[in-house]
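So this first bit is one chain, no partners, the form predicted alone, shown in structure tokens.
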Amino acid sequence: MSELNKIATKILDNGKGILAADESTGTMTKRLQSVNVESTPENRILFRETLFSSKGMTDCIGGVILFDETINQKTNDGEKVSELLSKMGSLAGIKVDTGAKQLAGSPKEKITEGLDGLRERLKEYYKIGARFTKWRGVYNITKDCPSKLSIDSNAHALARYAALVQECNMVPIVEPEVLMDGNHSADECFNKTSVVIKKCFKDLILHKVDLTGVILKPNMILAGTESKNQISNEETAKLTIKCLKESVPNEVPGIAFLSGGQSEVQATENLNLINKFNDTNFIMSYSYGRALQQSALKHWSKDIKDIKGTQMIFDHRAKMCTLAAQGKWSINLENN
């Protein structure tokens, strides 16, 4: 096993998953404002520290994706965030793209930027404790999208990013997210997600990326949010597995799904069924943001000093997700 493969499997071992706490300052401000909490650096680190120091971290979370502000902050005890995570048994990760911008030549689509100066930034992040990274490409589904230009451009950027990350001895999370927005069918989502993922791996191989040291973070196969033809959770699980079996090389050790706008319970139930039907060698786990944090955030907003109460809510959600990553979740456990 390579060192990169050891890191990737450690993050996702035994049902553990990834907490995506990499919201930019702007996104985090919107989240806090939505629950009437002022978005100050102190409040942002207080909420994250509340989650990062909970029991559920040690039991369920193998890695946490951080934003630049967060990885450079200290806890209220003066400890580096990466040190707190290490103490809780979790690895620190870092979002390194600089966001999705309008794609020149196809203004309704996005290209993710951030390759300029990335090698130097990665060296700095490694020094302050990061051991894995994340880069997200986004794709719309419409009659004409994603276009070949969008698919090729984002695959190229993801591959260049992943090669630079591995050069710095970190594991790249490759996140090609085909968005749920729209009225497309699940079949369209399946077909377009398959094309996107296949092209990503073609470019990763071209850039000599070690696939045994990569984590894929894809969307599940779902009908668009505005589609009248929604499919069952069982169909979602079966189509998602079929897509990944046909699109992802066997060397990839693990797949950590994004929740992509699903509710907490829906994201958990779908992950559970994926693991019940999983007939691949891939570890199938989670890399959730809102689907891990939303209930905890709502509770915390009522009294930001109620650390224990907030941690209880987060611990339950993390435990449910980890049970789902082992195919052991049930609605009875959810409601107890």
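Don't overthink the numbering: it's just position in the shown sequence, from 1. For clarity, every value in this text was computed on a predicted model and none was experimentally measured.
Another form exists, predicted together with a small molecule; not displayed. Remarks below refer to it.
Student: What is the one choice in K217, K192, R131, K110 with a heavy atom within 4.5 Å of the small molecule in the predicted complex?
Tutor: It is K217.
Student: Exactly one of S259, Q166, T236, S150 has a non-hydrogen atom within 4.5 Å of the small molecule in the predicted complex; which residue is it?
Tutor: Of S259, Q166, T236, S150, the residue with a heavy atom within 4.5 Å of the small molecule in the predicted complex is S259.
Student: Mark W300 yes when one of its heavy atoms lies within 4.5 Å of a heavy atom of the small molecule in the predicted complex, and no otherwise.
Tutor: W300: no, not in contact with the small molecule in the predicted complex.
Student: Quick check on A324: any heavy atom within 4.5 Å of the small molecule in the predicted complex?
Tutor: Taking the distances in the predicted complex, the answer for A324 is no, it never comes within 4.5 Å of the small molecule.
Student: Taking heavy atoms and a 4.5 Å cut-off, does T268 contact the small molecule in the predicted complex?
Tutor: Result no; T268 lies far from the small molecule in the predicted complex.
Student: Can you tell me if E188 lies within 4.5 angstroms of the small molecule in the predicted complex, counting non-hydrogen atoms only?
Tutor: Taking the distances in the predicted complex, the answer for E188 is no, it never comes within 4.5 Å of the small molecule.
Student: For the chain shown here without its partner, which stretch in 32-40, 53-61, 281-289, 300-308 has non-hydrogen atoms within 4.5 angstroms of the small molecule in the predicted complex?
Tutor: Answer to the contact question: 281-289.
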